[in-house]
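Just one chain follows, in the form predicted alone, and it is written as structure tokens.
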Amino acid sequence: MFKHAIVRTPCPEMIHGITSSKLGKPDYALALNQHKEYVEALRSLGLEITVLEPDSSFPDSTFVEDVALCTFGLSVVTNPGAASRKGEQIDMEMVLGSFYDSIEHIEAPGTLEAGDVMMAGRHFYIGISDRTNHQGADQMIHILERYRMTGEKIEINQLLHLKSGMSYLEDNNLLVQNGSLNHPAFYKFRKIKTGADEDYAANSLWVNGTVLVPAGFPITRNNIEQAGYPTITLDVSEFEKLDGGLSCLSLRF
């Protein structure tokens, strides 16, 4: 169960964030409202929230998940693969020092963004992507093993991050994009599929027994509810325009 989350309020420069989408530029005022609703949803599920001030030096800095991995008594500060995001992790390390005695680091030439890291108990799946390379993934696995956890690398294609295409919902249930990521490493999980043309909803977020689901994807939400989970629907349209999803907007521990 999560007790705390760290979020960062979007900065006005988010309209210039990295994106491959064809959805247009975000509406900053709307993004602020959506972010507030996201924070309130986390708070309603029992989390204490640390809200960081906007950081105009980094347009994508609201996507705090990428710059650190927070887990069992351990935080790992990453080395983002996107050039415009290098440096975000420096401020985050100072914040994490208030919560963790043990902070490890991914060092160059390794790159890793934690959107590529999916936790399932004490085992971690690490996507090899344009943002996370083999050196970064290997460093992460070695760190995990020192703390009696395990990890393995997963080659991914046509996804920004591993968690763009799947989300672990606990209890051996894995939400996956319909028809994608048929990797042997995931055969042991029960699969909950997104609806046709609802791939974005694969990045839904389990928080203390409830699943946050992006608005506009009713088939996926129904499939999650049929698997026994209560859901909260949140509009994150302005973050979708920057290829960001629900998990990207917080560090949970």
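It should be emphasised that the depicted structure is a prediction, and the values quoted were computed from it without experimental measurement. All residue numbers refer to positions in the sequence shown, first residue = 1.
As for the form predicted together with ligand CIR, it is not shown, yet the points below apply to it.
Between ligand CIR and the residues Leu160, Ala137, Leu96, Leu174, the one pair within 4.5 Å by heavy atoms in the predicted bound form involves Leu160. Taking the partner from elsewhere, Asp243 is found to have a heavy atom lying within 4.5 Å of ligand CIR in the predicted bound form. Contact check for Cys248: a non-hydrogen atom falls within 4.5 Å of ligand CIR in the predicted bound form. In the predicted bound form, ligand CIR sits beyond 4.5 Å of every heavy atom of Gly127. In the predicted bound form, ligand CIR sits beyond 4.5 Å of every heavy atom of Ile15.
In short, of 37 to 45, 22 to 30, 210 to 218, 65 to 73 it is 65 to 73 that has heavy atoms within 4.5 Å of ligand CIR in the predicted bound form. Contacts between stretch 121 to 146 and ligand CIR, counted in the predicted bound form as any heavy atom lying within 4.5 Å, involve Arg131 alone.
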